[in-house]
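The chain below stands alone, shown as structure tokens; this is the form predicted alone.
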């Protein structure tokens, strides 16, 4: 399988998965997504799917397929750029902020990147304000099932990577309750790697939709909402100060609205 076929397969899958998430979220909420296309400064572009509803206060499910050249001050930070600054990248990114503080915020993304090298990355995690232990356990079980489908060591490896990555050093605290974080996934079996990335997407779909359905009718107080707003402030701090995906998007000329789709609709700092 040549690299062009790999690009076609991955970008098609991310679009298919985007449609699957959006369709189910619309059923749950009874509201429709609005879609906005954008063009990359070099080649390609993406599409923002954004919904603000009765259950999802703000949820974005974005896809993009872009190519271009890294600036000299950034290419040294990316694998495979020793010989050429060229890159191609395709992926899906989802962030859901819920009206109810009883329902966690969710983050998920997967991507395929091609430079002088190529690899998969991504994962999923959840950030609850009020910790629903049964649902947190269910989320992690879904992530473990996806990992176990590919390799018995993946779950512990990528769970540890998630805990280390989604951490706020300036606060000495974790952003949320973890999940999995995959970076630079490349074995000698591309199809197996791709199947694993697809399984992560499907398992995350199962986890998010099940948890939202389980908790969407739970009552909550104004005090609990205030706690959620402060927790969202931590979310903002991580995404702007530490998130590598944010930096990658900004430094490669991505769409600012798509990059900052992850920001909550409202937040507080106490």
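Computed from a prediction, not measured in an experiment: that's the story for all the values here. Rigid core: the largest C-alpha set superposing within 1.5 Å between the two forms. Positions refer to the first chain, counted from 1.
Another form, the form predicted in complex with a further copy of the same chain, is not on view; read the next lines as being about it.
Shown alone, this chain has one stretch from 39-47, 22-30, 239-247, 214-222 that lies within 4.5 Å of a further copy of the same chain in the model of the complex by heavy atoms: 239-247. For the candidate set 192, 184, 170, 133, a heavy atom within 4.5 Å of a further copy of the same chain in the model of the complex is found for exactly one residue, namely 170. With a 4.5 Å cutoff on heavy atoms, residue 8 does not count as touching a further copy of the same chain in the model of the complex; it lies far away. In the model of the complex, residue 16 stays away from a further copy of the same chain, with no heavy atom inside 4.5 Å. Interface residue remark: residue 256 is counted as part of the site for a further copy of the same chain in the model of the complex, having a heavy atom within 4.5 Å.
Of the residues in 38-64, those that come within 4.5 Å of a further copy of the same chain in the model of the complex through at least one heavy atom are, in sequence order, 52, 58. Residue 262 is not among the residues whose C-alpha shifts by 2 Å or more between the shown form and the other one once the rigid core is aligned; its shift stays under 2 Å. Taking 2 Å as the criterion, residue 15 does not count as shifted between the shown form and the other one: its C-alpha moves by less than this amount when the rigid core is aligned.
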